[in-house]
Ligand SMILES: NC(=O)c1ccc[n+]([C@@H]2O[C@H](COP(=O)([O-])OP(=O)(O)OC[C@H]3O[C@@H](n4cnc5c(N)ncnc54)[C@H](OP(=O)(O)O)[C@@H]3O)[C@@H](O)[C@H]2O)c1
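What follows is one chain in structure tokens, specifically the form predicted alone.
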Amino acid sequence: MDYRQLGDTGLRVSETGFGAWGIGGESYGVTEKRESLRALAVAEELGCNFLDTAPVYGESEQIIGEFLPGRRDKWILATKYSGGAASLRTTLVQQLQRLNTDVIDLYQIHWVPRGDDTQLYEELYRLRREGKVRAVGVSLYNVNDIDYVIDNTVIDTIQLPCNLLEPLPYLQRLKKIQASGVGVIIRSSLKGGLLSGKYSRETQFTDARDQRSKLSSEELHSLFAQVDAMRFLEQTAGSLALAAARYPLSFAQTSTVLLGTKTEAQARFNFGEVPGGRLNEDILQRIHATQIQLGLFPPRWKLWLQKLKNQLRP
């Protein structure tokens, strides 16, 4: 396992992190607690030290709280405030109990507060000063979110999507992110598993507890057409899943890539096979060309491509 700095926090995180949404059992199909605990143990054996969860991920925090005793010092634990009736501070107290710990290493807000919500930043900063959390962050979605957080807050980390089919907004702000010193946590590198190579246009997601079942047939058809355009990576990069997971790792600004993990087999791939690899510049340029063909970049794609080439150079 390779490790990277989490921005300016002083924390070193495994370059692939344990995305714990799946083990909650509510959004990616049914799971068994025994298998979830085994997946966590295998991740630890393989050097994973970053674990990301949230109270809205079903039973995820409770399962982690059962797993952590006796091994808490081996993990950098991240969770989130996802809103709700309880205040941020009250929610944190409840999470500390569920997670069986006395401090959260990284506490994130599950969106970018603006307007009346901006007082949440001050609450985060107070918790950081009090030592109840070590670092604070937000989970964001678009380029305006990135600009707002970097320009208006003293947040330690940002979490955002980046994958072969969703290169933006991350690639739009690589230089600004690097200059800011914020840590970058990448989610959705496999696009909810659609870039794992396991599914095709004929796949039907029938489990109501699987969020992919909410996609219409038209949406799935469009997504799989994009996936098929990336299947050249099965020959050039070993496998589609391997290339997809390593894609965001190929940018120096990335601190860690969260990989959703429910089973021991997934843990062995996510933390045993993915780390340590990067996509070379030839593959990255072919990916960018395919992304342009798919319409994933703004109309001024030539300018974007030139910027990307400059940022990929040593």
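Owing to the predicted nature of the structure, the values given are computational and were not obtained by experimental measurement. Start at 1 with the first residue shown and count on from there.
There is another form of this protein, the form predicted together with this ligand, and it is not shown here; the text below is about that form.
Distance criterion of 4.5 Å from any heavy atom to this ligand in the model of the complex singles out L258 from the list L40, I63, C48, L258. This chain lacks the partner; the member of V133, V182, L190, L99 within 4.5 angstroms of this ligand in the model of the complex by a non-hydrogen atom is L190.
The stretch among 51 to 59, 66 to 74, 248 to 256, 277 to 285 whose residues place heavy atoms within 4.5 Å of this ligand in the model of the complex is 51 to 59.
This ligand is not shown here, and in the model of the complex it never comes within 4.5 Å of any heavy atom of Q95. Using a 4.5 angstroms threshold between heavy atoms, F297 stays clear of this ligand in the model of the complex. Residue contact check for H110: one or more of its heavy atoms lie within 4.5 Å of this ligand in the model of the complex. Using a 4.5 Å cutoff between non-hydrogen atoms, V13 does not count as a contact of this ligand in the model of the complex. With contact defined as any non-hydrogen atom lying within 4.5 angstroms of this ligand in the model of the complex, K80 is the only contacting residue in 63 to 93.
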